[in-house]
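The chain below stands alone and is given in structure tokens; this is the form predicted on its own.
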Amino acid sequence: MNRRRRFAQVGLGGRHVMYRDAVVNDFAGTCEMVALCDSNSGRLALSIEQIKQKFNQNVSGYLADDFDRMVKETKPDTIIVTTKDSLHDQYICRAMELGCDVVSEKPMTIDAVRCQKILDTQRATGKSVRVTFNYRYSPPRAQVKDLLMSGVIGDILSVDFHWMLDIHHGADYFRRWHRNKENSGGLLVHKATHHFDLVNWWLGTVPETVYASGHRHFYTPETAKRYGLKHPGPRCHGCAEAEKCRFCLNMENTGSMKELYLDCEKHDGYFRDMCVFSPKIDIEDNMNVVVSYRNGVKMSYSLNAFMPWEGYHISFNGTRGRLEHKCEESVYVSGDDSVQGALKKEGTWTKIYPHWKPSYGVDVWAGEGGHGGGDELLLKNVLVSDNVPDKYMRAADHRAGAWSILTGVAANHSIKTGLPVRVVDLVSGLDEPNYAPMPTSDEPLTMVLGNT
């Protein structure tokens, strides 16, 4: 009988449960959770107790300062990193140095210095780093990859990509630690790493130059005044204006937030419900980026965090036509116990516009569950079946993790300086990932003549 793969997990916030329960229960035949680790003793005790209550299993717990001791005593094969973004590099690198492979939540890290550290440590240790880009596994996004690989629109020349965070989900990034770039790198890194990775993967290439602009014009003290909020407090809990603020987050009555955050504040002083209109916020809420890719494709991209609907619209313009794909997602706030990124079928479609022929719709591949059906497929691939052949090559290593964040890192530099940024100048020794090859054609284009 084969030995089960041993996992330990560091970082026990809202996102950790998906990985924890998959290891402890869903894939228990091949996986084993040997330890949990967090800087907050309350969340650590809570997660251990949840495992005991839900699955009748006992798992060892360690505080963050005892990370090295945890690895020595429990001997995991792989560390799952689900901490605050700015700490990813610390645990990724230390895990590799201690002989472990790594599964990291996105973004792999938040800036070029930390990225270089991960690249250097991986090269020195030879250990594996997997970055969990669940959107690659979502059936509708995989279908877009399939269509582009088929050559239905020919060689891709340009991309228009626009992502909307709705007024509920978007506001949530301005309540949490994500609101400061020193923690998250801003939305161009924390959130857009998904989007930039999708484009890299869809096109089978990497970015070369980035030019960006961005600012924060909605989540500001001025907007609070326009909503009639005269004296908003530093956080929602106990705010005198809570009853008339549509942005107020009531952790007492929202999913698992009370036990996960409100009850654990006393251990580290972290507030999950800080005011979205605070002057202490330093991330942008609307951004525009122009990217040039190694294969010659150009992309225009936007991200806005205060929209009336959640999702995106992307168009690929090719030598034989245009592919348009729109995806609407359900309303979600991290920790409210709803499904993140569930598809709205009535708002998700794909359409092909060939040159010289009528346009037609495509029956969208169905996806159920988190991130459009991507979460379950990702977990199975990452935790169980790393070596299963995949024509789309959806597995993402440290190289893909690096290229995905470097578009956002370069965009942050560009916003600060007002100048375009060459991505290759940010780090050294970064190879191109293994992307599924895209078709290139020198065949003559045909023109269908007729009445117009």
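This is a predicted model, so every value here is computed, not measured. We number the residues from 1 along the sequence you see.
Note that the form predicted in complex with a small molecule isn't included here; everything after this is about it.
- For R114, no non-hydrogen atom is located within 4.5 Å of the small molecule in the model of the complex, even though that partner is not displayed.
- Interface membership of R130, defined by any non-hydrogen atom within 4.5 Å of the small molecule in the model of the complex, is ruled out.
- Taking non-hydrogen atoms only, V23 never approaches the small molecule to within 4.5 angstroms in the model of the complex.
- Interface residue remark: L87 is counted as part of the site for the small molecule in the model of the complex, having a heavy atom within 4.5 Å.
- Only one of the listed residues (H237, H194, R216, R94) places a non-hydrogen atom within 4.5 angstroms of the small molecule in the model of the complex, and that residue is H194.
- Contact with the small molecule in the model of the complex, defined as a heavy atom within 4.5 Å, holds for exactly one of K145, H325, R175, H190, namely H190.
- Shown alone, this chain has one stretch from 250-258, 286-294, 100-108, 357-365 that lies within 4.5 Å of the small molecule in the model of the complex by heavy atoms: 100-108.
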